[in-house]
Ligand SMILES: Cc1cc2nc3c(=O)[nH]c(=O)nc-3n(C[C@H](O)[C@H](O)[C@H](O)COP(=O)(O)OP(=O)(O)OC[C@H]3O[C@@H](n4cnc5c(N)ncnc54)[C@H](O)[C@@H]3O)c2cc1C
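There is one chain below, alone, in structure tokens, taken in the form predicted alone.
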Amino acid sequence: MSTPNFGRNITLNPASHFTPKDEEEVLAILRQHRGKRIRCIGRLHSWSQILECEDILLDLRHLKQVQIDASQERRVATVGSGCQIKHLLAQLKQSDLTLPSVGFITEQTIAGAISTGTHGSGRHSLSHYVTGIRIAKYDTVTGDAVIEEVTDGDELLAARCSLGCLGIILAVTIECRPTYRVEEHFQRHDNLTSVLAAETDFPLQQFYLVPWLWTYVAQHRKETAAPRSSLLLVYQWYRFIVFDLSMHVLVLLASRLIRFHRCIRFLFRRIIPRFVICNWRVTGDSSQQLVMEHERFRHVEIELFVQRNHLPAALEFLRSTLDAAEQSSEPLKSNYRMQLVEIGGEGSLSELRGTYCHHYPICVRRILPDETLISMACGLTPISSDSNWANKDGLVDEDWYSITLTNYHSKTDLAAFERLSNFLANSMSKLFAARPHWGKLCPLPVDQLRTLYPNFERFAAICTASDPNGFFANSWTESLFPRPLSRRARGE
């Protein structure tokens, strides 16, 4: 059965597709298909090759139980891997609890979210808060299908963001916190310095670089003890109708039907900015204020992570690249031309010129460094096999910023955006040590990806120890973390 992902840029064609009802059925499938490659899907909100599955595909949507420990000592929830974030938030709310961090959308499953390092703004990613993971795998001695609890050590740091390489995640135990409220308002800024200065007062903010106007609009957010605003419902409808619906309809018309670059530029210079009502301060529950609903329209994304010291230059380079991609005669700034020559990227930019007009606000979010091995916001200090993460001596804890480019072209018109994504990922990884999101377009070659993560080899070693035959890999993850025994064990 063919299964397309959310963005329709990848179609899965596994040999067999199963939807097990419980953990025992998962183990039975593993025993029945020993020797085959087995991968899982959540709600398919990924655009990278992490989704690909050659043999056996598992959809764990029925594993959605939620058990809450609300004692003062723990405050954790143990959640079935197939439980969607929105359902988890709803059940936590009944106990006056919520998650410490939440992503842009809540359609994802908990296992899918942590496996690719899903994050919100102003805090760590969800992976950082995971305290235990229950995994189905093959015993490395007996070869039987077993369940393993991972609760500490480097194995937990690896399992927090594992790309599905350690086995089948059955359940996740994650920290919770009491419910809280967030105050939000929009504000325009002429420059990045002004936006970043506002982080002191609004640590949960996210902001947008408006294409073709090249100014910033910030969603200033902060935690507050203030009561819910009387006009909260009105504000939520405003945000939904104006941004989640109307803006997207205009973007779809401009990018898919009209297609004139001049029309897209006019849209962002003259129309969309008028939608923004500034300084309307509204307070509501965090689970509502921190999420949006842009998943209502199919799209494709690339998201690149840079540290704070690289952010100004990275955004300036991005703007210069988008100008050049939209206008064949637009010159790149001299310092960037020289840098591209040094890294061999000048030819790739020449191929982009005049081929693409960006048509969506560029979202920037701050993420605190994660205690993981390979999430995009993980720290920069290598971890040895006998290390204790509690010892953070030498850890470079500078904040990370994600830069998201979203594209709403139809599948047949994606080629230009994919070329742009390839260029940005390759050039920005070399110039600014930018890390592409594992779950979004991730076009970097393996050797380049390895240089971005100081604990890459340690993660690879844990993968080999946990799954020496590569039964839980696919072709892409196998190229990232090759196992010496995998081909021989499968008789290839």
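Here the structure is a predicted model, which is why all the values come from computation and not from measurement. Numbering starts at 1 and follows the sequence shown.
There is also a form predicted together with the ligand; it is not shown, and the following applies to it.
J.: Using a 4.5 Å heavy atom cut-off, indicate which stretch of 462-470, 446-454, 432-440, 28-36 touches the ligand in the predicted bound form.
T.: Answer to the contact question: 432-440.
J.: Quick one: in the predicted bound form, does every one of 44, 60 and 169 get a heavy atom within 4.5 Å of the ligand?
T.: Result yes, every residue of the spot touches the ligand.
J.: Would residue 202 show up as a contact with the ligand in the predicted bound form if we use heavy atoms at 4.5 Å?
T.: Output for residue 202 is no: heavy atoms all beyond 4.5 Å of the ligand.
J.: In the predicted bound form, is there a heavy atom of the ligand that lies within 4.5 Å of any heavy atom of residue 112, even though the partner is absent here?
T.: Although the ligand is absent here, residue 112 would touch it in the predicted bound form, with heavy atoms inside 4.5 Å.
J.: Within 4.5 Å, heavy atoms only: does residue 265 come near the ligand in the predicted bound form?
T.: Residue 265 lies outside the contact set for the ligand.
J.: Although the ligand is absent from this view, report whether residue 81 comes within 4.5 Å of it in the predicted bound form, heavy atoms only.
T.: Flag for residue 81 set to yes.
J.: From the list 366, 185, 299, 222, which entry has a heavy atom within 4.5 Å of the ligand in the predicted bound form?
T.: If I apply the 4.5 Å criterion carefully, the residue I get is 299.
J.: Among 362, 332, 89, 163, which has at least one heavy atom within 4.5 Å of the ligand in the predicted bound form?
T.: Checked against the cut-off, the match is 163.
J.: Relative to the ligand in the predicted bound form, which residues of 235-259 have a heavy atom no more than 4.5 Å away?
T.: Counting only heavy atoms within 4.5 Å of the ligand in the predicted bound form, no residue of 235-259 makes contact.
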